[in-house]
Ligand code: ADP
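The chain that follows stands alone, in the form predicted on its own, written as structure tokens.
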Amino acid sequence: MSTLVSSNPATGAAVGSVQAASPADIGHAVARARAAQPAWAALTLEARATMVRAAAEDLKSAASRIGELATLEMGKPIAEGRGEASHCANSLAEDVDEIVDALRTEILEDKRTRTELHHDAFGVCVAITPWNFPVLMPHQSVLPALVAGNTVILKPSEETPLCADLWAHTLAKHLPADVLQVVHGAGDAGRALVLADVDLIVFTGSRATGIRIMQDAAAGLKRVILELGGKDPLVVLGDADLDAAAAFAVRNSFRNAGQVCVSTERIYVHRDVQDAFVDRVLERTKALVQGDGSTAGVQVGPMVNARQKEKVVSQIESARRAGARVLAGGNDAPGNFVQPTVLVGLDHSMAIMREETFGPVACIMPFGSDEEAVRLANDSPYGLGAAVFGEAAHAEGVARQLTAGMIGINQGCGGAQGTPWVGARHSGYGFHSGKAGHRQFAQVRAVSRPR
């Protein structure tokens, strides 16, 4: 076995290490998951749910440490790291209840036939999760798979193995042997799992990797659930509350240093209010505190690694050379840091307006009409989230013309309790969360008989 070292992107210091799985290790893990799955699936839905719920108190006790590890491994501010872990622990029981409700047997009847719709396990599930929300993404991928009766092999990102490992092993203590396993490694380990004898692949990450997973899964017609990249637009209409719109723009462009799948990456503002909006954005951007996420008061941490920083800086510099103007940030900060940056003078010929950035950059372009705003916002292969700020009825009319899977009106794209997390176009294939999302982790079987 080789050793996988996790490093703090803010300081470069080693946080800890895990053992990376060899091809033989991966084969053994899949075989154990396959062997354990029939007995796990044979339990009742409620029995499986009870075992998963039993981990809640242990996860609450471990949440502070799990959150600290998330901050040390990927750089997010400590309040956000602890908040992510605590949220997952505190919501576990409620989330499991929602999953159970989604997977209960349904009855359909007409004059001649009674049909039972069962939601059964696929078999062995592989969950490949990202580094930007290293606790929340395993939580949303693993829980519905387990409750549905699948055994699960979790491969967390090689950037954040420690916090995901602690989360998974805390949960696994309450489950039968081999029902939940963790395999560590980089992309080669993930691909080996996709090619192995598994039935369901759940992946959150880049569009390019999602395409490769679909290609590899196709030969076996394996089920896939893919949450992929985004290039989320924010449309600020001429009748918007500019203070609220600017506050959202800054928060959603720079949260987690822009390393969020639904980060605001393109801002389109009506030309009549552009200057006033930009002034508000700049004021808020310059007030942000950047630094090591472990330090109290820090609001913006580093890029997760040097490669991610290089990608973001390259897009900024390419846009600058093409005529964009930097109104804030844009300097080459030390280490893995990229300053919160505001760009104007942009157009869609620039890579920063077409390709996912995943960094702390707010890109602002003007528009003159609703039709132009819709055209610009939809000019992307992505379609994860979007937001529209303006008078409510006006904003809703624009929002309904956008091609994103999730659209917020005078707020972010997150929905009410039970809303699925769903992307359109190249941002998703299948989806998760909410009753509709939970059901994607199960095979529907219709059993019918005469009345």
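The structure presented is a predicted model; accordingly, all values stated were derived computationally and were not measured. In this text, residue numbers run from 1 along the sequence as written.
We do not show the form predicted in complex with the named molecule, though everything after this point is about it.
With the partner omitted here, the residue from P366, G359, G190, G329 that has a non-hydrogen atom within 4.5 angstroms of the named molecule in the predicted complex is G190. Of the listed positions (T341, T129, T71, T264), a single one reaches within 4.5 angstroms of the named molecule by any non-hydrogen atom in the predicted complex, namely T129. In the predicted complex, A186 approaches the named molecule with a heavy atom inside 4.5 Å. Shown alone here, K155 lies within 4.5 Å of the named molecule in the predicted complex, counting heavy atoms only. Contact annotation: Q181 falls outside 4.5 Å of the named molecule in the predicted complex, judged by heavy atom distances.
In the predicted complex, the named molecule sits within 4.5 Å of a heavy atom belonging to T209. Taken together, V194, F203 and R307 are fully in contact with the named molecule in the predicted complex: each brings a heavy atom within 4.5 Å. Heavy atoms within 4.5 Å of the named molecule in the predicted complex are found in one stretch of 129-137, 170-178, 369-377, 74-82, which is 129-137.
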